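Let us start with two forms of the same protein chain, each given on its own as structure tokens and named structure 1 and structure 2.
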Structure 1
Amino acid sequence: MKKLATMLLAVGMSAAIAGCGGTARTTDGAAQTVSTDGSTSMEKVIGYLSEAYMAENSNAKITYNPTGSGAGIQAAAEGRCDIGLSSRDLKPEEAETLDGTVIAIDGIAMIVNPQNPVSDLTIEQIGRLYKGEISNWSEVGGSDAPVVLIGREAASGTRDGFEAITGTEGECKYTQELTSTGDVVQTVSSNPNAIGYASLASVKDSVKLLSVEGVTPSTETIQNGTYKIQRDFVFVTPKDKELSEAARAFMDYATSEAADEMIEKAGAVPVKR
């Protein structure tokens, strides 16, 4: 019994020592930490990129704070993070002081309930649906049922991208404005008359993926631009401040060909070079 206690104590102590070592190392490598902050839609992409990067560079540490595109851009502008993450292009007034580097493309998929017979829409039809000009599915080849429009909250990167591409900024007659992609997918899967939009990466089998103007969203169609509803994933950095060495190295990695595989794994589409 006594022996066991001693052993436990020894194990505990060595763990504690190892723990101390660990802390010491991170303090040592504080300069190696790269903080990223922003778009929640980019979570998967950043997750895969940083995991692969950290596996290769054992002393680097990439942190990610999911706050949303607006907050990420602001954080980059205020110097609260090394790299801001935005799932929309910078606005002109933001671009005055900030640089945006596109690292990947995200396809915004149109989803409907599996019971819905409609399988293809044009961008014009989608725009008219969301503006409320088409309010019955029969007008676009579906069954005689009211259209239920599911969208994201104001200033969500996905909503911003979707409304800009379909020309419906500020005119959407949403039935529901939900605060996460998961909620959109869940709601569309439970309402037979619903239509929604979500990142291609997060679309599940519980909903039906629509083709747009005859093009089904996929890596290929997004990269070659034939699938129209797509947006950029952007790294945001301040113009007037030199990036730290570690942040520069991570950015070089993220824009290199080596990162393409990880971006694909994350469900987004790499930039075509």
Structure 2
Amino acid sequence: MKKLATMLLAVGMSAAIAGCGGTARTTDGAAQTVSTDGSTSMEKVIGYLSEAYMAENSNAKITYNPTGSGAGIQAAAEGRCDIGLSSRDLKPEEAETLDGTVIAIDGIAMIVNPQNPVSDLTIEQIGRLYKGEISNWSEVGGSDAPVVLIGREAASGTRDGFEAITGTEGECKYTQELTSTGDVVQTVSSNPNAIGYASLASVKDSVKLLSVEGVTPSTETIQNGTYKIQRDFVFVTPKDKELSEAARAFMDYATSEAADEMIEKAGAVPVKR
């Protein structure tokens, strides 16, 4: 009888952990929260994925703390969240202790105020603009007006990706360095002389989207690589620590074909399978 009782208890606990859709639950049926922390550029992507997942798994609770890529990577490394969110690939030193799983691709959109007549720039021109070598819009076919350079703070994955691609690391002459993608979009929309970069998923009608070397960012041009200013959206987890059942179930969903529709609705691009 003792053995039978032990077996029944084990079966009951296993069922409680498995839960609906593989999400972990406590023995009283309460949901286990999956905490995510990091990239502000991934706000829409994580939002759509979380809402869709929780709709199918009523016992699941996914939380999101928008702190920036660098902070999210650090939070994952220190065990302060289940999944870190980064809008850049891990650096070699980070990859020694952390795993990075690409869940989507994002175009880094170049945006200007709708009043700006400029519609296309080359990567070279963008680099020269941000290094201060081009300081007036008239030099690239625009109006006779000073260029106002809007960018992200040093810990931003968006900034890291942008500067790596445009060859401007450590050389940008920012007029303003802002702490979120939304702030960049808002600032550019209110200044006719401003230029900024932002996650394509976060671009609104309040700003004008530029083509780069004749290519406009889209699902097709990002997946086939013809749009050059792009980066990965990454889930970051520790190498030496197993994910909880709840976190593993959510990650499995986010990296499956079932999540592609939500990724596209969020304005990002699914990984080509």
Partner chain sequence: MSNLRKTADALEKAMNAVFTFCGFLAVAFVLVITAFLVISGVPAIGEIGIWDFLFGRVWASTAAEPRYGILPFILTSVYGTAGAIVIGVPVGLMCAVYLAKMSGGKSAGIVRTAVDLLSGIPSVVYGLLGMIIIVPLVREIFNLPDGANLFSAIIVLAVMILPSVISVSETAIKAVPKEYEEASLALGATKTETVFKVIVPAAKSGILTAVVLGIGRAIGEAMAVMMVSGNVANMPSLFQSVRFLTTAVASEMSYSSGLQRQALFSIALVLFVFILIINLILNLVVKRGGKNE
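Numbering for residues begins at 1 and runs along the sequence of structure 1. We call the rigid core the largest set of C-alpha positions that still match within 1.5 Å between the two forms. Predicted, not measured: the structure shown is a model, and the values here were computed from it.
The form predicted alone corresponds to structure 2, not structure 1.
Comparing the rigid parts between the two structures, the hinge falls at 106 out of the candidates 106, 121, 250, 127. Superposing C-alpha atoms between the two structures reveals a rigid-body rotation of the smaller part against the larger of 12 degrees. Here the rigid core is superposed, and residue 139 then shows its C-alpha moved by 4.0 angstrom between the two structures. Aligning the rigid core leaves the CA of residue 180 displaced by 3.2 Å between the two structures.
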